[in-house]
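The chain below stands alone and is given in structure tokens; this is the form predicted on its own.
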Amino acid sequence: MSSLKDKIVVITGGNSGIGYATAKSFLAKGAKVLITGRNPAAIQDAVHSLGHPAEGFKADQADLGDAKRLAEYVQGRFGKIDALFINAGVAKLAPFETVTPGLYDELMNVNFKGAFFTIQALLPILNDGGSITLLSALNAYAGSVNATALSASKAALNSLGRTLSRELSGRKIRVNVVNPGIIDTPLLEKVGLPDVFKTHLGNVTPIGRLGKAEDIANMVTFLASDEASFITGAEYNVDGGLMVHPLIA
């Protein structure tokens, strides 16, 4: 029997890509999942596709009021939760000299500030012995061109994960970070990555392909399970070996 059976899991940004694949993986292991997103229609479609017992709630991770409303809803609906996956995020690239305060704020407000206060809002209803997993990115370390603000937001998230793992250890809450490589999801289109460059990245990745959302989902569900009960404060690069390649190292 899966150690995730009947566990209550909240996934931010769960209506597409990595979040959706992770919700599907949790459900397959017997968990009950609530996903969030900004678009009610997209949430409804995702919940319908995922099937029972998936549920959805409209919440923008950049909106601190939404974080409070999410916590109130989850408490009323479930009482307590067992796992939180902070997956929602935005990725936008720009040369350093063209980064505007608006772009900087958008990246920080979603990727770090929103994540920070979403965790804070849900922490009182997270069971002792539960888990928090943060979705970061290789950009936290890679020094990628045109990613100064994006990289800073992700590096802050990684630092938060390490610090929280120590601060929440008294409640036996485990906190870990996953740094995906180049994952073939709709986000690649949103950042304007040409297909030819996607092919190139797949070719130069040591494992020989781009990542799939399911690759990340497998890691996240593992980290939330009892099989990972001695893992906290850790960071995992799920990148097919890309981090060690000279292209981004």
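Residue positions are given as counts along the sequence shown, with the first one as 1. Please read these numbers as outputs of a predicted model, since none were measured by experiment.
Same protein, other form: the form predicted in complex with a small molecule, not shown, and the subject of what follows.
In summary, the region of this chain contacting the small molecule in the predicted complex, judged by heavy atoms within 4.5 Å and restricted to 177 to 185, 26 to 34, 217 to 225, 48 to 56, corresponds to 177 to 185. For the three marked residues, Asn39, Gln61 and Val90, a heavy atom of each sits within 4.5 Å of the small molecule in the predicted complex.
In the predicted complex, Ile18 approaches the small molecule with a heavy atom inside 4.5 Å. Contact between Ser136 and the small molecule in the predicted complex is found at the 4.5 Å heavy atom cutoff.
When contacts are judged by a 4.5 Å heavy atom cut-off, Val110 counts as touching the small molecule in the predicted complex.
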